[in-house]
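In the block that follows, a single chain appears as structure tokens, in the form predicted alone.
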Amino acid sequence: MLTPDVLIIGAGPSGLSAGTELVKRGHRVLVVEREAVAGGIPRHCAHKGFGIRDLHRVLDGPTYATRLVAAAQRAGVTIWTTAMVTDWSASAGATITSPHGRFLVTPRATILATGARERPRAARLLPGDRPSGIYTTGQLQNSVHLHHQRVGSRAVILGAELVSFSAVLTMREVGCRTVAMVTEHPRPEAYAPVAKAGGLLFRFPVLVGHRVTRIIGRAQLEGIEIENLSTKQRRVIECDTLITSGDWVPDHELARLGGLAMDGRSKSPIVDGGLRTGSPGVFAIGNLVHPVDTGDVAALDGRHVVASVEQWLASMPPMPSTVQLIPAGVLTWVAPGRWGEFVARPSRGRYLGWVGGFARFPRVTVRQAGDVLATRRLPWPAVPGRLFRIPSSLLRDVTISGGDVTIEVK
């Protein structure tokens, strides 16, 4: 039996950052990670773009992960890898199974930092045969960068998000040419300069307004059939590799196992601005709460939660009163999902949301009890497949007595 002050489940950027800050403040922290190496998803993202907001450096993924792990170890964080949490509840603690045995960990506080993953082909209900050669972006990068495996020679990417272009770079390293990118949306989900530059540099078409109607191939993928959503015309693209990118879902199994209140839209545990869940002493951070954002934003979540955890460890105060935030318009979910008068502002002073449609200059309207509290047109677009940031200042006139709050984006 182990009794650390804080148990952190997940050794990605958010979990490592939270552990490092808590140990620096004198707390005993145990971080457990089911993978053999700590660092999270950045370990197998070889492209640059990590560490900008938290480390103020431009690093590739493996370097970024290595630095976070090294900082945690220097601070004195205990990190267990190849350690699976096989049972967990807020009251009884966690059962951890590892090569060193089976342990019952009963911490004073628990932080869930289990991250997010992409939905695979089966979860997307793609029809057709079931051949090999179909990967999510995460599976592709893990295979190429960690296990040095090869893939095919002709690839189609389903999705046109930022991570989709990351898959293009990964396949290029092993000599696999991208022949097309397919998205059901009327325009690419990635930033326009990225989409245009990617298509011109790597010379493949981005087929907007198309969906996959059939997977073709018995043992090995031979091609995919796609349909133009406007004309209903279908054609076959020959390929031996298909990447299903994006379409994120949080790794929420432990949150559900522990009976935490869940957001039915994002499938994440509901938290307030201080990243408290509805269960006393339990916190949720990073891409478990807002799937999916960059590693450095997740790391800043890890730093942000420290104040709430320390407040709990010091006095175990009752849960603060909060009201629910309800998405409307093209906004499908918002995180944090609860607002309170005596709750910290969300990390970086921003609520994060997901949208189901495009809006070039979206108007955000905040209502409570039928009254419009704030409305503002934002200079950045709302785009499916990309997190939408809402300034917390728009909620400054919300009151705890006014009931639930509606945030509309259109």
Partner chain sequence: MPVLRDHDAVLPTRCDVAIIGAGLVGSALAQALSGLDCSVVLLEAKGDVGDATSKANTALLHTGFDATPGTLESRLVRRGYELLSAYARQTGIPVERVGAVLVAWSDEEFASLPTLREKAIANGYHDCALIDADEVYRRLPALGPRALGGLTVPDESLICTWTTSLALATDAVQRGTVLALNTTVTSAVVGAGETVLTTSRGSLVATWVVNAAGLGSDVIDQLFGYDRFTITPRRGELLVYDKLARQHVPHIVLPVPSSVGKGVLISPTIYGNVMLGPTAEDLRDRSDSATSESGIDFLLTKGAKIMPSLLEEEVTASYAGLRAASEHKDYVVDVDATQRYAVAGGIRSTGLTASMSIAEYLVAAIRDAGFVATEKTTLPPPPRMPNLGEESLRPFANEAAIAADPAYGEIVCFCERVTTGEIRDALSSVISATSLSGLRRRTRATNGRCQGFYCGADVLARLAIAVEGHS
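All figures in this text were calculated on a predicted structure; none of them were measured in a lab. Numbering follows the first chain given and starts at 1.
Only in words, not in the display: the form predicted in complex with the partner chain, which the text now covers.
Undergrad: Where, among 318-326, 101-109, 300-308, 283-291, do residues come within 4.5 Å of the partner chain in the predicted bound form by heavy atom distance?
TA: Among the listed stretches, the partner-contacting one is 101-109.
Undergrad: Do heavy atoms from each of Arg121, Asp129 and Ser143 fall within 4.5 Å of the partner chain in the predicted bound form?
TA: Checking in the predicted bound form: Arg121, Asp129 and Ser143 are all within 4.5 Å of the partner chain.
Undergrad: Looking at Arg67, Arg345, Arg28, Arg34, which has any heavy atom no more than 4.5 Å from the partner chain in the predicted bound form?
TA: None of the others qualify; the residue that does is Arg34.
Undergrad: Looking at Thr332, Gln73, Thr213, Ser89 here, can you tell me which has any non-hydrogen atom within 4.5 angstroms of the partner chain in the predicted bound form?
TA: Residue within 4.5 Å of the partner: Thr213.
Undergrad: I'd like to know whether Arg177 contacts the partner chain in the predicted bound form, with contact meaning heavy atoms within 4.5 angstroms.
TA: So Arg177 does not count as contacting the partner chain.
Undergrad: Quick one: is Gln149 in contact with the partner chain in the predicted bound form, heavy atoms, 4.5 Å cut-off?
TA: Heavy-atom contact with the partner chain at 4.5 Å: present for Gln149.
Undergrad: I'd like to check something about Val249: if you look in the predicted bound form, is any of its heavy atoms closer than or equal to 4.5 Å to a heavy atom of the partner chain?
TA: Taking the distances in the predicted bound form, the answer for Val249 is yes, it comes within 4.5 Å of the partner chain.
Undergrad: Applying a 4.5 Å heavy atom distance criterion, does Gly138 contact the partner chain in the predicted bound form?
TA: Within the cut-off, so yes.
Undergrad: Could you run down 299-319 and flag each residue that has a heavy atom within 4.5 Å of the partner chain in the predicted bound form?
TA: Nothing in the stretch sits within 4.5 Å of the partner.
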